[in-house]
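There is one chain below, alone, in structure tokens, taken in the form predicted alone.
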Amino acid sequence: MKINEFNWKIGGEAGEGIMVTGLIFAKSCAKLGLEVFNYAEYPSRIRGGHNCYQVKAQDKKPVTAEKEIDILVALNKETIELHLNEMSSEGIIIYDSNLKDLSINFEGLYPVPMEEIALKSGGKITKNNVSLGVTAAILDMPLDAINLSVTKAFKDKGEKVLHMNLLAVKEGYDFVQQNPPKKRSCIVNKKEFLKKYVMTGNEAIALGAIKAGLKLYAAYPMTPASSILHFLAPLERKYRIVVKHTEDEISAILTAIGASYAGIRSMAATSGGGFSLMAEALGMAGITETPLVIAECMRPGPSTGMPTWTEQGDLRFVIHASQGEFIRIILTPGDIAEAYHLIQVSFNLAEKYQIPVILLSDKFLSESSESIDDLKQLDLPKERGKRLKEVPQNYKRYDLSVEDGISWRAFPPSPNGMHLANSDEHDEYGLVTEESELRVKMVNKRMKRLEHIKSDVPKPVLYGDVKSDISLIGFGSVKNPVLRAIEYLKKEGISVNYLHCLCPHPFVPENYYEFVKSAKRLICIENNFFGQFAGILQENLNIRIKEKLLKYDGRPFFPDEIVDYVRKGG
């Protein structure tokens, strides 16, 4: 029997409260001190379709979404049919005993009259919370852990609604006490409540941006970036932020650029399709040397692709977006803590070097949630860069005499600070020029800061021993699945290390030479078809990556897939 470790999944139709139930359960587990990771799957439809939400809980990190299910809560027949092949041999399927024509050969079936219990509690709509009570009893979790999370979720809906849902939880719990299952494959033996947070990657990005001094956020909703807008909107007055739902993505990026030009920290966010519309304005930020922060949350493409699924297919796109050549930084967080920290790094780097910085996430990181302790240790001081308090006469916004290529910024309506900032090539005052010698000087000025940037961007992080039999390398949200796979492989006596890239552009070869040189067997792992990061490694290190573990079906990597690949030797 597993103690304090299980994989729980709930499934049903859209509208049955799948997402809210899953989050309530995850928060209940976190209250008991368990580390949790939550992963949701849902179709890109306004109504209907199969929704599921799974919670992996265990005593320690790393924790991530895993395939094998210990407890499946099926609110409809389709859930059992779709996920039966994922069940552990010792697992339990909790299902509504009202389901008809259920001819499934599985030993761990546990029927519960969910609809009848829900109606007794006050309404059929509470069936999802009946399943919470059933789950808590099967896992031997204290009922108060569930009740606290349910209360927090429903307290704003009125006393009647709250009482109805709490009663549904209790009735489900009592049913199991009176009708215990024949077997239990896992239990929770933690009883004390702890203060632990559960947040999504997008919530971490939003909170990190607030901590960094965000004062304007502009966006047009696009999955999976939309929840940043939803999260920030109600916090507008509390943190004195302008949160602008613009008419399209072009307006969003131009609004952010305008606000940054005026001297405040601003940000826009979108997915790949929206970023396509932003490309021209991105170049304008580059030539006007205006700080800009964009969160780009990837999903499968091309075009509309698969709006509610995950992929890492935009790496090359964001590196090369917009015409011409200019410096930009790409940062790639791999978990919630890194998302919170790196968005703060993004603001500092954008203002310090007066360039665009793109935080590249994906649906898996953006919409999955993870338990996390206090984030204060990740907070950064604000670096505002070269900002003039008093502007000298004959002010040159694009002064060519600066050694580092970074000119001083003046903000409207500063006396003496008048200058032009347009999308044409310009002289030191911003006046349009087509003179060849001046063009070369201006390009060289903008590029001069590149060497300073390379020494300032986050370095890759090594996990595991320096010398290992297998070496994995990747970026972004593959981090947690890889680290969990390493734990499994270690138990089998296979030594594996992992180099986690936080900044694929500008690429700094010196940060990778030693790892690649010492690797006995090097595998690049990515959620895309071409192996885009592997290509960057090959171009910059003059090597050939022989092994690439690639996945592009809209789903994230699961640890067992990585384990199987490593075991098979490619």
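Don't overthink the numbering: it's just position in the shown sequence, from 1. Everything numeric in this text was worked out from a predicted model, so none of it was measured.
Note that the form predicted in complex with another copy of the chain isn't included here; everything after this is about it.
Here the chain stands by itself, but in the predicted bound form one stretch of 354 to 362, 470 to 478, 418 to 426, 495 to 503, 418 to 426, has heavy atoms within 4.5 Å of another copy of the chain. P302 belongs to the set of residues with a heavy atom inside 4.5 Å of another copy of the chain in the predicted bound form. Although the partner is absent here, Y42 is a contact residue: one of its heavy atoms lies within 4.5 angstroms of another copy of the chain in the predicted bound form. In the predicted bound form, none of the heavy atoms of K520 sits within 4.5 Å of a heavy atom of another copy of the chain. Heavy atoms of E311 reach within 4.5 Å of another copy of the chain in the predicted bound form, making it an interface residue.
A single residue from the set A321, I406, L167, L143 has any heavy atom within 4.5 angstroms of another copy of the chain in the predicted bound form; that residue is A321. Checking I453, A153, L99, I287 for any heavy atom within 4.5 Å of another copy of the chain in the predicted bound form turns up a single hit: I287.
Applying a 4.5 Å heavy atom cutoff to another copy of the chain in the predicted bound form picks out no residue from 123 to 148.
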